[in-house]
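Read the single chain below, which is given as C-alpha cells and is the form predicted on its own.
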C-alpha cells in the first residue's frame, strides 16, 4: 500500500513513519521542515519531499500518485500558536484539508487527527462522548472541528479526536502540557499553575502512532466514524498531573496562583469507551511517559527549538 503523510517530520510523524515502514508500506513524507528538524531514516520505501501543503499546485502533482491512504498531520497545532496566527491556522488546518479531500482520488482513504479540544468547556462530572455537542473555544479547536466535518462529509474516512499528547519523539515538543511540566520540574524544580482544577485527557504519542496503524489494519470496520482517543482513566486536573510528576521528581514544587487565568480555557472529561470497544489497547501509561521524558533528559533540550510557539 501507498501512504501519504503530510507533516510527517513533526512530533507525531517521526514516531509514526518508522512504524509504517516496519509494515513494509510505501510512504511519501511531505513536510516543510519549518523547525529545521532532521529526518535521518533511510528506507527504499520512503520518499521524502520538502514542500508546503499550502502550495496547492505542488500538492496536486503529488496526489497524481493515487495513494491508498492519506494521513494529514501537517497543521498549526495548539491553541497558543493558532491565536498568534489565526489566518494561517485556517489556511493550513482547514483549507488545505479541504483541498486534499477535493483532489485526492475518491477511493483514497483518509485518517485524520483532530482534537478533543472541540468540546471546549464541559459540564462538571459529565463525560464527553463522540455524540456530545462541540463547542470549540479557540481558533485551533474551531479549525480542527471544521476540518473533521469536511473529511467526514467526503466519506471513506476516520477521525481520531486526540487527547493532549505526551511523550518522547525524535522531533520533540516541550510546549505540550505533560512535556512542559516535566521540563520545568527537571530544569527549574518548580512551576506556577493557573486554574489548577481545569481537567483534560491525555495520551502517549506512541499510542497515537499505533492508532493510525490500527486504523489502516481495520479500516473497513472503523471507517466513517469518530473516535475519542485518550487514556480512559486519565482525565486529570493540572494539580493531579503535577502530583504524578512529583512522585517521580520529589524535589519538584508546584505553586498555585489563583490570581491569574490560563488563556487555554479547556476544561472537560472525556470517555474513550468507543475506541476501546473496537479492541484497541493502549500500551503507554502517563507514569511511563513521565519516566521516559526524565530518562531523555528533556531539561537539556533547547526549548525554543522544541516548541511550536
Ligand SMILES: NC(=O)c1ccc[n+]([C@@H]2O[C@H](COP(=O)([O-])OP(=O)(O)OC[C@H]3O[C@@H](n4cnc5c(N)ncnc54)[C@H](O)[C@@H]3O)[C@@H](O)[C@H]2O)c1
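What you see is a predicted model; the values in this text were computed from it and never measured. Positions refer to the first chain, counted from 1.
What comes next is about the form predicted in complex with the ligand, which does not appear here.
Of 45, 37, 284, 248, which residue is found within 4.5 angstroms of the ligand in the model of the complex when only non-hydrogen atoms are counted?
Looking at 45, 37, 284, 248 one by one, just 37 meets the 4.5 Å heavy-atom criterion.
The ligand: the contacting residue among 108, 159, 138, 164 in the model of the complex [heavy atom, 4.5 Å]
That would be 164.
Please run the contact check for residue 230 against the ligand in the model of the complex: heavy atoms, 4.5 angstroms, yes or no?
Residue 230 lies outside the contact set for the ligand.
Answer yes if any heavy atom of residue 28 is within 4.5 Å of a heavy atom of the ligand in the model of the complex; otherwise answer no.
Outside the cut-off, so no.
Residue 92, heavy atom within 4.5 angstroms of the ligand in the model of the complex:
Yes - in the model of the complex, heavy atoms of residue 92 and the ligand come within 4.5 Å of each other.
Within 4.5 Å, heavy atoms only: does residue 53 come near the ligand in the model of the complex?
Within the cut-off, so yes.
For the interface check, one of 126 to 134, 235 to 243, 140 to 148, 191 to 199 should have non-hydrogen atoms within 4.5 Å of the ligand in the model of the complex; which one?
Looking at the other structure, the answer is 140 to 148.
Relative to the ligand in the model of the complex, which residues of 294 to 309 have a heavy atom no more than 4.5 Å away?
Heavy-atom contacts within 4.5 Å come from 308 alone.
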